[in-house]
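The data below hold one chain only, encoded as structure tokens and taken in the form predicted alone.
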């Protein structure tokens, strides 16, 4: 069977860090995402013909665009006899902390992969997409790329030779997300972080990460609840998000297993039992609405698939 001449891929949004796994843990949010269409082209290299959707102005120079840079990395490794022409439809707000840059990069390489006679393995697509993420954040990290590509809750260890493990989520647990209508650049949110971590905080955070993953594998909700606390990154970033402390307190009071910042923010998320999710959502919304903030909100399944081709021809 010959490869397609064009393909459109959907790549879901994602929550990076998941409180206790800075730059290594994330989960997919398929309630929203980006769609990227890639076509074979006689023109060499990578060309971006259009960027549409809710993201506003984005560069069409491939080297300055996360999807374009990811596709350039793939094209350079492949050295095909044809070029890639790409259209991007943004469904994730920029600066929302929902992995918009990662989703575009992932969507680009997944769509392009459908055009190849011998497609790449997912781990190779991950490495290509990482090059795109560096355009947005200034560094290589995979906590948004991996869940967008693989789906579900994902742990990724390593950069040069990443190892990816999808972590099981206990049945009956979902995620609640609240996105305040404000822009927060990833570079800004990373720039404020201290480079040194006190030993006591390192031990505490390590214990929380281990406890959280252990709780996920053993369906131990009490362990997840006890471990769902970021003592390193969240205390530094919360000042960038007005109302964060009130939202977190409200979520926990309403029964959430934990509540923290999605990636760089300003989106906030909580894990909750499905039976309590609506109550948690309403509790998280209330402080923001009372402060006059507009919000978007979702309750999402934590077991959904990652990026995939939705059309081709």
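Remember, it's a predicted structure, so these values are computed and weren't measured experimentally. Residue numbers count along the first chain shown, from 1.
One more form of this protein, predicted together with a small molecule, exists but is not displayed; see below.
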Within 4.5 Å of the small molecule in the predicted bound form, all of 17, 23 and 190 (non-hydrogen atom): yes
Contacting member of 186, 113, 227, 156, with respect to the small molecule in the predicted bound form [4.5 Å, heavy atom]: 186
Single option in 257, 283, 264, 29 placed near the small molecule in the predicted bound form, where near means a heavy atom within 4.5 Å: 264
Contact label in the predicted bound form: residue 104 to the small molecule, heavy atom within 4.5 Å: no
Residue 237, heavy atom within 4.5 angstroms of the small molecule in the predicted bound form: yes
Any non-hydrogen atom of residue 148 within 4.5 angstroms of the small molecule in the predicted bound form: no
Contact test in the predicted bound form: residue 141 vs the small molecule, heavy atoms, 4.5 Å: yes
